[in-house]
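Here's a solo chain for you in structure tokens, the form predicted on its own.
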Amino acid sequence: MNKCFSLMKFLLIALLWPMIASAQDATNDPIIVGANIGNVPWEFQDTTGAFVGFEVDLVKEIAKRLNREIEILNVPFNGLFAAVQSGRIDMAISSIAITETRLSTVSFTQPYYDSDQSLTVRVGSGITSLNDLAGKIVAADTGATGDIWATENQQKYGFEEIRRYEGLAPAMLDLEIGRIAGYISDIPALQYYTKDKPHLQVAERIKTGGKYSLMLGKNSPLAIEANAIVTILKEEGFINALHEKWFGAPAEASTSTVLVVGMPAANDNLILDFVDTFLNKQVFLDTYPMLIMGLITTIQLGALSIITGLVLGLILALTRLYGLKPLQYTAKIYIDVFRSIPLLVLLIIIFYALPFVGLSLSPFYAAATALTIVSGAYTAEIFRAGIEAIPKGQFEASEALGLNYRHMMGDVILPQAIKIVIPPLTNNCINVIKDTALASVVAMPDLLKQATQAQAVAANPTPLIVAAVIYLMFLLPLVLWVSRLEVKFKVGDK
């Protein structure tokens, strides 16, 4: 294990060092702020497309007091930590709670909001508390406080599964569909979201004592400046006025929205450099079991999609070439349509739209269905090209020997065509395996999803780097093996 990790460190340092060096030289003007847009009421877009929200107003005011411009980038919550650590952004917002783990790798200003988690359910579902969730599926935001709490308490409450989503909107959609029983997330966001939705309700407040803050790079000078501005804004009552603006009432005097408190002490036992940030050995040891579980899921999904895609593609190719005219046209339309639709769009339609017509698939089978449909379309064209490349004399010789259609295709044509199409088929199979990463958008715990969850919980991008190396170690031997197989076929070996 140590030798493997050392090799990964060497490779990644060589590959990424130029980018890291360039990032260190980047200017800090304007202030680049990363935010998970769609996190109401903290940061979202109004009807004009402008960024608005409690935290958006706050960082705009901080930038104004520092006489600097501000630029807001939409970044998924689980990507905020790596973006801050790499210097891609200067500051992160998105109702980020301060934790001891995060303090070891990033800096925080003093908190400005006290928050707990909450359980949101459908009205009439019969679920009134966490105790009603035994054997049921619950949702959380990947790597957020609700995810951490749900993971720690899964055995206590008997959750069958925790599905992790990239933000509030897809999780709430699945809750409304009925695919999940409850959603665990920050109580301010859920109270704000459900206030005009009578079919949804916040069933229980979960005491976690979370405090929201601005997140910046480890020992960032901007953190000191921003913290000083937050102190001034509290003393002037500006932050409390934001609370009244977005929540309809002033905050209690005892909360961190009003009180000036100390800046959280960073864990100075860790001196971050490139290796500690991107190839942290302890983070690797803590999170690799999650990555192995994700790899197993990725392999299962990839294998199923490849096999079913090959079968579907062969049927479509034969139908297009030799079927009845109506079937030929149908196969051609299918192939053209599903080669034109982006896989991600199709996956979202299958997962989120089909339940409204009574067909609700699990994340695994929704992903497998989408991958099979698209892979089958591409595979059909590969098979068709291979069959059409066979000399016509082979068909004529088969007919002269009296072979029927089944024997001609099975014994003569397809064996030759398969040798021709091995390279493009292999490329397609490798693409299918890589495309399994898209399944993370429908809360399936594949390798990428497990890596993003692990890096968000650990506040360190090492799991993502390790996942990239795992993909490489898994796919590169397959590429090399197929290259040898192609050479073998060319020289006519059996």
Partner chain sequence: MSTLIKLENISKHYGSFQALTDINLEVEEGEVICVIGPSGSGKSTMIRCINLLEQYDDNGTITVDDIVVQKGKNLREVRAEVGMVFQNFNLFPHLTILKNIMLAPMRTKGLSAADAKIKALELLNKVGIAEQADKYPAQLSGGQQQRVAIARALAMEPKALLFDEPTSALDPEMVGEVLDVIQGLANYGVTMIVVTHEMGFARKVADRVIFMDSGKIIEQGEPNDIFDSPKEIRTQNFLKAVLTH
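This is a predicted model, so every value here is computed, not measured. Residue numbers count along the first chain shown, from 1.
Here the subject shifts to the form predicted together with the partner chain, a form of this protein not shown in this document.
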| property | result |
| --- | --- |
| Option from 122 to 130, 397 to 405, 327 to 335, 153 to 161 whose residues, in the model of the complex, bring a heavy atom within 4.5 Å of the partner chain | 397 to 405 |
| Contact label in the model of the complex: Gly209 to the partner chain, heavy atom within 4.5 Å | no |
| Partner contact for Pro198 in the model of the complex: the partner chain, 4.5 angstroms, heavy atom | no |
| 4.5 angstroms heavy atom contact with the partner chain in the model of the complex for Glu176 | no |
| Touches the partner chain in the model of the complex: Glu252 (any heavy atom, 4.5 Å) | no |
| The unique member of Asp116, Glu388, Asp411, Glu71 whose heavy atoms fall within 4.5 Å of the partner chain in the model of the complex | Asp411 |
| The single option of Pro415, Gly237, Pro221, Pro424 touching the partner chain in the model of the complex, heavy atom within 4.5 Å | Pro415 |
